[in-house]
Structures are given as structure tokens and as C-alpha cells.
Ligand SMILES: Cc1cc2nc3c(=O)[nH]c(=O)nc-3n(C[C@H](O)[C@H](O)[C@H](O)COP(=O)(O)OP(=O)(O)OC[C@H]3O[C@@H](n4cnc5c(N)ncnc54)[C@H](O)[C@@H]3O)c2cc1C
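Have a look below at one chain only, the form predicted on its own, in C-alpha cells format.
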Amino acid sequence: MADYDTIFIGSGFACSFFLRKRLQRSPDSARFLVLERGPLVQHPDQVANRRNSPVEAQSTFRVDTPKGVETDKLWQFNIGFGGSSNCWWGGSPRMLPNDFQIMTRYGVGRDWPVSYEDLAPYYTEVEQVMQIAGSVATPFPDRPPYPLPGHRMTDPDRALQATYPDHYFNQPTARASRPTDTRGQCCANGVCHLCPVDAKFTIQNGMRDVYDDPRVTLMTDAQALSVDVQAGVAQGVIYAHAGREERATSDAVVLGANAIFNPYLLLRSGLTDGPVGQRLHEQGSFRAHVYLDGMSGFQGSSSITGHGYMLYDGEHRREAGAALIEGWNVPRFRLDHGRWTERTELYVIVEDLPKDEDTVSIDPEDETRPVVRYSGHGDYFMRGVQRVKNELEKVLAPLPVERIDYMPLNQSEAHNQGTTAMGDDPATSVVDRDLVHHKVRNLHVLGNSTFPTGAPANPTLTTTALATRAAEVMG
């Protein structure tokens, strides 16, 4: 008899939401083991130490930048209980319907094997769990009211919303607009990667009941080394804990690390079928500082208040990446006496298309870690950036704009995606539409690593909806 019904690798968004749904559908006799590589650091200790985890994520892998690429790209995430729920900013939009069928609709990228309609009920479910704050009006079809009201907008947000009522909205966010049972109200201090008032949803403050369930054993500081696969069946997990190598057996395994460690662990387990480790990608972004004549820009009740879809979807996506515009409310002032607040900051996220040559593999210099190779932003992304710069002045016509200063491209969105893509064809994907490994049918692979493409929308809500759906269809 196996030690556990299911072993989970990781305790972040994907595994936690999958586990939540499995607990709802499992008997009292069920036994689940969660292996978390990092420690459990309580929120007060995170704030006191001004860091989410003592484990430096960048030390856990090596970057091998190809010749001719100017800078090493950052791949950011958090190692510790709750994963990157500790350090995310809380942006929680859904993807748009066309994001799932970008090849069919625009002739680029790849279609997803699931549709917006497939995920709609699970989007709604996870929005309730995370107590998302948002407005009644959104660009998302078939969406009931959000659990919490949207945050107060800035004056520039309101001017844009008045001009673009079908394209400019409150950002849907997991930063609470009013107190909940477990979270404080957002205080708009702009330190969302480590919220001092615990207003942002995290696994710690929003799903501890999952890990307090007597059917669940949480083991921290336990590093998964490989999935034990025999005769095409996952038999358990080999892991390191307290200086020893251990093995736990199970009837199923759920792999939910991230887009760097999911493919690495599959490769360490001898699972090389399909494009495992290929097509590592994420969106790119840049900031636009907009200087205003007589209009103040800091009245909002959260760090990000507006969501602009004016340059997102449309026929331009055949040639250039879609762009999502965020209206920021972080107090960064202009240096003109008496006009300190007459500016607004826009954060523009642009989609990129995955490339086969951007990979994660086992480091030949040290097999205990992965190595990442990334060839830089693609032409599709760069055309999307240029399109924004060509169009933004016209888009901002409702505002009294003096000038727009464009900042350099950001190094990371912390939205690592691809590398174990989902799909119907085992030759071009690693898992099926239910996130089950094509070859090992009792192995689920979860998280952003399963994304075939990366829309401008923040991926967390889609990740948790996919995980919840996968747990439900598991039976």
C-alpha cells in the first residue's frame, strides 16, 4: 500500500488550489503529502526581516546567456511555503477569449486545448476564494460581480474610463478594498511584494485551512529530486530532507513547482517526451511617465487602479503583441515645485511569442540544478512595444498631457511560462488539456509552465482556474 494517495511538489498557487478541490472530493481516510523546498516564514517575520524567504531564488539555477544577447534576463520567483503568493502584487484579470485561440483568430502562436468558456466557472470559483476586488464593468464575458468592490481610481483613470467605458476598468486585484476575515484593507503604500498590512491574498492568509486539514502533511525544507517513475507509472517522489535522501510512495503525483523547476524535475525523472523544457517565455513590459498640466494623479486606494484594453485585442495581433495598460498609483512625484503630483505612471505589458530555443535543461556543470537559456525578446514583442509608443499619445488624448517619458524595458515580469505546455498532440505538448502528463497518466503538471502562449494578462487567475478544473475532472 502506498504511503499517500497523492504527493504534491510545491505549495504555491497551483498545488494549493488543486489540493483544495481534491480535499472537497476525498474521504476522511485520504492522505496527502506536500513537499515544499523552502521554509514556512510567517508574515510578521517576513515584514520584520523585509524579505519573503531566506532562500535566494537566483542561487537555485544557472543562467547561460547565448552569445550576442546583451544582458542576463531575470527569472524571479519565491521559494517557501505559499510560493510566489508571498511576493506577487495581486493583479488578477482573466484572459480574454481570443487569448486562448490566437492561432485560429490571428494566425500566430498556438491555440490552447481549453477555451475561455471551459474555464469561466473556475475563474468565478477562484475569484471567490481569493476575494478579488473589481468593478461591475469588465471586458470578461459571463462574469458575476466580484466579491469586493473595485478600488478607488485616480483622476487620470476616471478621465480615461469616461472616454473608453468599454476598454478602461478598475484592475481586478487580490488586494482587499475592504477588510476581510483574514486580511486587512489595502493602504496603497506601494510595497505589494511584501504587504505590511497583509491585505493581499496569499496562501498563508487565505488557504491555511487547506494545510490544517488532518488529511494533509506539509513537509517544509524538503527538496524534490525526481519523480519515481516505473513502467510508465509514477510510484512516488524522491526528495532530500534534513540532510538525507528519502522516498515516499503514492498513487498519484502532482508537480507544481514553476516553469524552471517543473521541466527540470521531469528531465531528472527520465521523462523527456515532447517539448519538455522548450519555449520558456513571459511577457515584457516598460513604464511610461506621463506629465500632466493641472491634473493630479494620486487619488487611488491601491497601488494599481486602472486597466486599459485600448491596445490589447484586435487584428494587429497578426503582426504585433497585444498590450495591457496599467494605471499606477504609487507615489513617484515629479520634481517641479508646486506640481509634485501632476503626473501619472503607466505600466505597459506586451505579449511575446514563445521560441523553441529558449530552454530549461539539466545543467551539465552541476546536475543538481537547472540551466536556463534565453535568446531575448522576439520581433513580435518589439513590434508590440513600438505600436504602443506610436499610439499612446492618441490614446491619452483625454488627459492634459505635457510629455511622455518612456523608461527602458523591464528585466522581468516574474511570470515564467511555457516549458511543459498543454496540448492535444504529445509531439508538441507535455500535458493534455486536463494537465495530465501524456505518457505518465497518474502525473499532473500544474502552473504557468503549462501555458502554450502568454497573453498580456497576469497569469495567476488562469493558473488557479486550470488547477481547480484539473482537480475536478480527475474524478
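In case it trips you up, residue 1 is the first one in the sequence shown, and so on. If you're wondering where the values come from, they're calculated on a predicted model, not measured in any experiment.
Unshown form predicted in complex with the ligand; subsequent notes refer to it.
*Asks:* Between the options C87, L311, I102, V126, which residue brings a heavy atom to within 4.5 Å of the ligand in the predicted bound form?
*Replies:* It is C87.
*Asks:* Report the stretch among 254-262, 161-169, 395-403, 352-360 that approaches the ligand in the predicted bound form to within 4.5 Å, counting heavy atoms only.
*Replies:* Contact-bearing stretch, as computed: 254-262.
*Asks:* Using a 4.5 Å heavy atom cut-off, are E36, H415 and G447 all in contact with the ligand in the predicted bound form?
*Replies:* Looking in the predicted bound form, the three residues E36, H415 and G447 all sit within 4.5 Å of the ligand (heavy atoms).
*Asks:* Though only this chain appears here, would L324 touch the ligand in the predicted bound form if you measure heavy atom gaps against 4.5 Å?
*Replies:* Output for L324 is no: heavy atoms all beyond 4.5 Å of the ligand.
*Asks:* Can you tell me whether P459 touches the ligand? I mean in the predicted bound form, with a 4.5 angstroms heavy atom cut-off.
*Replies:* Answer yes; at least one heavy atom of P459 falls within 4.5 Å of the ligand in the predicted bound form.
*Asks:* Would F18 count as touching the ligand in the predicted bound form under a 4.5 Å heavy atom rule?
*Replies:* The answer is no: F18 has no heavy atom within 4.5 Å of the ligand.
*Asks:* Is N78 close enough to touch the ligand in the predicted bound form, meaning at least one heavy atom pair within 4.5 Å?
*Replies:* Judged by the heavy-atom cut-off of 4.5 Å, N78 is in contact with the ligand in the predicted bound form.
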